[in-house]
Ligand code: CDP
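Let's start with one chain on its own, the form predicted on its own, as structure tokens.
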């Protein structure tokens, strides 16, 4: 199926307009907002703090605990409040995407809680959440080996495209979605999921395109973090 022009006029490798801000929740140890297109993610970090109940504590290393959710008003058809199977799955993959850049051995018997809320959704919500959470962790002063950014790549028709919007996700029989998270300096992939049918060559092309998108997000993240410390 041919897909010759993106529905919103973007190039196939063009990311939607982005905006980021750090320090948006004063009572949190660290917080951030990341917006890509019409998708907005807020993240708040609390900790490291003592983990309760105590039988869950690990005397050798800390625990990273992520909680992802979408506000009821974030989508056109009102979402039922509370956790869902999807939000639980995204919470777990977010933990895996971020845990590799945090030295949890420094925080035995503690937990670092990361809360992510999507206040407005137009595709790419898990990736926006990961990008926001990484900034919030840095703002909280959590020692990190590298910054993490995430972007969705997909196959729409016969084309590999970056940063799909909702219309593209629903295009014809649906697009193949490939969320990718990557470190800034090491270019290590910390998350790679695949929902749909693609060839090996298409996956490699998707990762290459994702690297370009993550580089753009890293610049936005760095700028937002520098601005908060410049103003303090």
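Quantities reported herein were computed from a predicted structural model and do not represent experimental measurements. Residue numbers count along the first chain shown, from 1.
The next section is about a form of this same protein that is not shown, the form predicted in complex with the named molecule.
Stretch 125-133 is the contacting one of 125-133, 143-151, 96-104, 109-117, since its residues have non-hydrogen atoms within 4.5 Å of the named molecule in the predicted complex. Put simply, of 69, 202, 177, 29 only one has a heavy atom within 4.5 Å of the named molecule in the predicted complex, and it is 177. The candidate spot formed by 75, 86 and 166 is fully in contact with the named molecule in the predicted complex: every one of the three has a heavy atom within 4.5 Å. At least one heavy atom of residue 121 is located within 4.5 Å of the named molecule in the predicted complex.
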